[in-house]
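This document opens with one chain alone, in structure tokens, the form predicted alone.
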């Protein structure tokens, strides 16, 4: 039995599917409670239905990015585990980065089923879980006090520290990714192997060029709904560019 057969075994599906089902049930419970609370406040049923429909509609295309993440990771980690991670609390950029880093620390040249062992998967899955749970734990104890401080700073300065912090973190994250891509290319490792050096740079460049198009439509053409689809759309176009260039190299 191959490692992927083990990772896609029915018991793994049962465990991961059970957790996802539990979270889905909680979402339905909160939806029902929110509906009842809206009625108690005297809100218009028609407007509430429109809000639910709009939320469901605008959640569809952005979720394509999550599906792409599941597909990308399923080739090395099986389907159930990426499905669980990206359905409940994970983020695509986080899951892929931690999984790749953990794989390298386990002595694997890259995150792939060919080099995966049960021990490697256990370590990767453990790190993917532990590294992201601290946000929830710290929020339970410190989020209320932290939010109060942010509110005070915004009222005094007119600007939000949270916005600045998120922007700085995002720039740092992008810089780290681009640095690793460019470093791998400049180092000359696998210089003539398209999938080893060029693909990340090409995907990043194409996605970066597509994103301003969505911003232009949302801000200049007043098509605000496009903004919800910008990340997923850029990812799809970037991945399509990688496929096309891969075919050209062959």
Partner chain sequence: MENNRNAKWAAYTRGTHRIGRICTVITLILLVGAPFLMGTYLGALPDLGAVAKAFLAVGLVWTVSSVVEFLIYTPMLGAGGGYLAFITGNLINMKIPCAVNARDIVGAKTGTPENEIISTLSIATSSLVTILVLALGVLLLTPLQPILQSEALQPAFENVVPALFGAMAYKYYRNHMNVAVAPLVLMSALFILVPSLISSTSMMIIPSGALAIGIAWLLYRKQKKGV
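Numbering follows the first chain given and starts at 1. Since the structure is predicted, the reported quantities are computational estimates derived from the model, not experimental observations. In this text, rigid core is short for the largest set of C-alphas that superpose within 1.5 Å between two forms.
Not on display, but discussed next: the form predicted together with the partner chain.
Peer 1: Should residue 211 be counted as a contact of the partner chain in the model of the complex, where contact means heavy atoms within 4.5 Å?
Peer 2: It does: once the partner chain is placed as it appears in the model of the complex, residue 211 has a heavy atom within 4.5 Å of it.
Peer 1: Can you tell me if residue 137 lies within 4.5 angstroms of the partner chain in the model of the complex, counting non-hydrogen atoms only?
Peer 2: It does: once the partner chain is placed as it appears in the model of the complex, residue 137 has a heavy atom within 4.5 Å of it.
Peer 1: Considering only heavy atoms, tell me if residue 50 and the partner chain come within 4.5 Å of each other in the model of the complex.
Peer 2: Residue 50: yes, in contact with the partner chain in the model of the complex.
Peer 1: Is there any non-hydrogen atom of residue 112 lying within 4.5 Å of the partner chain in the model of the complex?
Peer 2: No, residue 112 sits far enough from the partner chain in the model of the complex that none of its heavy atoms falls within 4.5 Å.
Peer 1: Across 1-28, which residues bring a heavy atom to within 4.5 Å of the partner chain in the model of the complex?
Peer 2: Residues within 4.5 Å: 6, 7, 9, 11, 12, 13, 15, 16, 19, 20, 22, 23, 24, 26, 27, 28.
Peer 1: Using a superposition on the rigid core, decide whether the Cα position of residue 144 changes by 2 angstroms or more between this form and the one not shown.
Peer 2: The answer is yes, as the C-alpha of residue 144 shifts between this form and the one not shown by 2 Å or more after core alignment.
Peer 1: When you overlay the rigid core, is the Cα of residue 70 off by 2 Å or more between this form and the one not shown?
Peer 2: After core superposition, the displacement of the residue 70 C-alpha between this form and the one not shown stays below 2 Å, so no.
Peer 1: Take the rigid core as the frame of reference and indicate whether the C-alpha of residue 171 shifts by 2 Å or more between this form and the one not shown.
Peer 2: After core superposition, the displacement of the residue 171 C-alpha between this form and the one not shown reaches the 2 Å mark, so yes.
Peer 1: Which way does the C-alpha gap of residue 27 and residue 139 go in the model of the complex, closer or farther, given it changes by 3 angstroms or more?
Peer 2: Pair moves closer in the model of the complex.
Peer 1: Might you say whether the CA atoms of residue 143 and residue 25 end up closer or farther apart in the model of the complex than in this form? Their distance differs by 3 Å or more.
Peer 2: Distance between the C-alphas of residue 143 and residue 25: shorter in the model of the complex, by 3 Å or more.
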